[in-house]
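So this first bit is one chain, no partners, the form predicted alone, shown in structure tokens.
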Amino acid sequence: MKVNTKFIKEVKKYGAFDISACFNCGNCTAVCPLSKEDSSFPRKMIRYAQVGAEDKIESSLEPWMCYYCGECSDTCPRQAYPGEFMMSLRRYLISRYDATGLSKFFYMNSWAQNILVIGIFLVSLIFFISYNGDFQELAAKIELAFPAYVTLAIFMYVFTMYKKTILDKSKKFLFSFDFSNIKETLIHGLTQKNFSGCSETDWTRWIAHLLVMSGYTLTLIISNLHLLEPLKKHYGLLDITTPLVFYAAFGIIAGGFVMMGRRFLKKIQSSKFSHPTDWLFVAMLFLIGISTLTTYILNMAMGPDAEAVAISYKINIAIEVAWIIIIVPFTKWIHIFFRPMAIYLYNLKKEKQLA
């Protein structure tokens, strides 16, 4: 087993915890609903980190099972914050799955990500405002390019995750076609089921996450299918797109508002330690929701030819360009794929009897 004596010091760059203070009392494992007879969670991950078993952690799926309810941190007598440690491990794993190295760079230098996001937004907006062609057609081409870019990034991440957790052990490609595994993967992906496993489910957090996830997923569908053309069509209350846009915007704005409020107040354990990339993620989502809703309402009130509609729509697309290029592939957004994927791979391991 390869040992990295500086592992804890390295992972500390990804979050606020003091796992070196842990004296292995087992309180965290006793209260965690993810701890089973065959899995001492999160104690096993803590021990791996303490001895520097970097390869063991990188081949583990357990960090993705945790939804950071905070019960382990609340009951820790040493204030080691094991819940935040698991969050830090997820950030660390994202950086290890990313072959470009940009995720690690952004986590280590969040100011650089902020500057790049602002810069790409401003350059895009200046270009859009000065563009003399049919902007609606240009927006359609941009929205068609997004899925290809995001799919490539997701494939790169998922393959590396699969390699570290399955392929490196089995030495051959393994897959599960078991219906129950596929079903469980979909359920976890759509509902974030592990939230309900905590002894006191934080329903506010669960609802906020569900609103944001469903709202943004609907926004992607609207954009990728090009259902919204605010510069060509005058929308009304009876249009099929109206309830879709209003729910998508409401989900993102309401869920994002709750997330930002909890991070600001820091009253809940899971919101006490927010990485700057978490703030940027929520803030950008909030702006996408606001700009989408503003564009649609202006279109309903003033029609597609109004200058205000064009400006609002260009701002919306410029925000989405910065969001897709910098935030989606390299930091927190990618969680949405790793969590259900971890369920699938965990069940695959059991099915194929991999240690």
Partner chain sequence: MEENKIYEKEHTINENYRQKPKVAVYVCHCGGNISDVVDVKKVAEELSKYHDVAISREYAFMCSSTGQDYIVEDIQKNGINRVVIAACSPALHELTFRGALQRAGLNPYLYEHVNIREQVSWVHKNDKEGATKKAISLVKAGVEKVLRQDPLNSIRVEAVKTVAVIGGGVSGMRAALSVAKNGLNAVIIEKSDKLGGKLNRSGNVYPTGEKAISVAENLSKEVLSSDKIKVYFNSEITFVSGYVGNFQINVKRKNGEYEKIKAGAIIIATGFDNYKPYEGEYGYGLNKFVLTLPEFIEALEKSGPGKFNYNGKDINSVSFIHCVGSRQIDGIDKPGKNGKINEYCSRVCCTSLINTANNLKTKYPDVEVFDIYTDIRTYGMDHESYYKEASKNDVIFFRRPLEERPSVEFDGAKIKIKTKDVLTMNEDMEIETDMVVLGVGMVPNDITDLVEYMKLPKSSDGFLQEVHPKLRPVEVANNGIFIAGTAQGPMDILESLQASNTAAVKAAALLASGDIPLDPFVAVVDEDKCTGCEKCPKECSYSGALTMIEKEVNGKKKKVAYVNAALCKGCGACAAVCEPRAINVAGWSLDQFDAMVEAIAKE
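Please read these numbers as outputs of a predicted model, since none were measured by experiment. Residue numbers count along the first chain shown, from 1.
Form predicted together with its partner chain: not shown, discussed below.
- Judged by heavy atoms within 4.5 Å of its partner chain in the predicted bound form, the contact stretch among the candidates 286-294, 316-324, 61-69, 46-54 is 46-54.
- R78 belongs to the set of residues with a heavy atom inside 4.5 Å of its partner chain in the predicted bound form.
- Within 4.5 Å of any heavy atom of its partner chain in the predicted bound form lies no heavy atom of K350.
- Mapping the unseen interface onto this chain, K13 falls outside it, with no heavy atom inside 4.5 Å of its partner chain in the predicted bound form.
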